[in-house]
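Take a look at this single chain in structure tokens; it is the form predicted on its own.
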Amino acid sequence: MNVLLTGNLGYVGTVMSAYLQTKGHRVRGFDRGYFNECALEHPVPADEQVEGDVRSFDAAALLGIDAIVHLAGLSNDPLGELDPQLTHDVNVGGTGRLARAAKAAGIGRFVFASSCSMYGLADGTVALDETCPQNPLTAYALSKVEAEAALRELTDERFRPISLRFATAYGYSARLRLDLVVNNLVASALARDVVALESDGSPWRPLIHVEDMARAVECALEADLGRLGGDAYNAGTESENYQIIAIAREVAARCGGVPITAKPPGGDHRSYNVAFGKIRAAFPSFRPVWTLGTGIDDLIARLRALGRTAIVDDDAYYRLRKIRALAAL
């Protein structure tokens, strides 16, 4: 299958592109290139690379394409809050422009990287499924809600987008991000011999390894669109729902028993425990391979092997810091 992968040069896209290629797909990457230099090692290149911005997407990039995997966007809550209007323009407007171009070109297979962050705040006692109310607390989370709505408006018998509401990503990528909770705590432990929390550790987060995100996308690319298309699916597994303090304890134990520091309650109010029964029923072949423990061990081993255990203060691996640096140029 010829796949257009937007955002292929980012944290998830770098892993996604290589994974899809190993599964026999031909990947045409589409990326603005903001994070080209934010690499720990040379990533596997796409079969073909197009530089572009989804806000001004040129339909010529769709020539010969069978399916689209749409990752491109402003990628997390702090970055989204930097400029909410820009977040809307890129994440909602760009998604709509790309989807309209796909539909006009007769490409019905469109996989959208959505997010469980749209659930926002819950007490953690009940796992939230796709029917639960959405409570987006940030511009980024709201943009995912609105982008999904835009895709639903375009859905018909031939254009059948699938929205994968991913749990919180973690794990190694050649273009690593340290503004993700697991990655950040590991980097803190390796560089400073302490697991430094930015909260009291009580909020809940569902987790998914970046390679398991690629596995979910592969399932969506192979799906029966008549039966499964035009819908949204939480992407992850219940066993990987954790309170942040539990994540911290796992990181600390696997980094030699380093201490944990926490902050008083307040600040970040996001907390959600998520159910994943729908994706299991729809895509029986999707089974996440990674666990928090194996993901932490792999990340530690790779950073040590690369001699990059002191990168916790490097702005290149924090999306908000990198965008601010680019804006200052």
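Don't overthink the numbering: it's just position in the shown sequence, from 1. If you're wondering where the values come from, they're calculated on a predicted model, not measured in any experiment.
If you look for the form predicted in complex with a small molecule, you will not find it shown, but the lines that follow are about it.
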Taking Arg55, Tyr140 and Leu180 as a possible spot, do all three reach the small molecule in the predicted bound form with a heavy atom inside 4.5 Å? yes
Taking the small molecule in the predicted bound form as the reference, which of Leu128, Leu74, Val111, Cys219 has a non-hydrogen atom within 4.5 Å? Leu74
Answer option from Thr168, Thr87, Ser188, Thr237, heavy atom within 4.5 Å of the small molecule in the predicted bound form: Thr168
Pick from 237-245, 130-138, 149-157, 111-119: which stretch has a heavy atom within 4.5 Å of the small molecule in the predicted bound form? 111-119
With a 4.5 Å heavy atom cut-off, would you call Ala99 a contact of the small molecule in the predicted bound form? no
Report whether the minimum heavy atom distance between Phe35 and the small molecule in the predicted bound form is within 4.5 Å. yes
Test of understanding: in the predicted bound form, would Val12 fall inside 4.5 Å of the small molecule by heavy atoms? yes
Is Val195 close enough to the small molecule in the predicted bound form to count, meaning some heavy atom within 4.5 Å? no
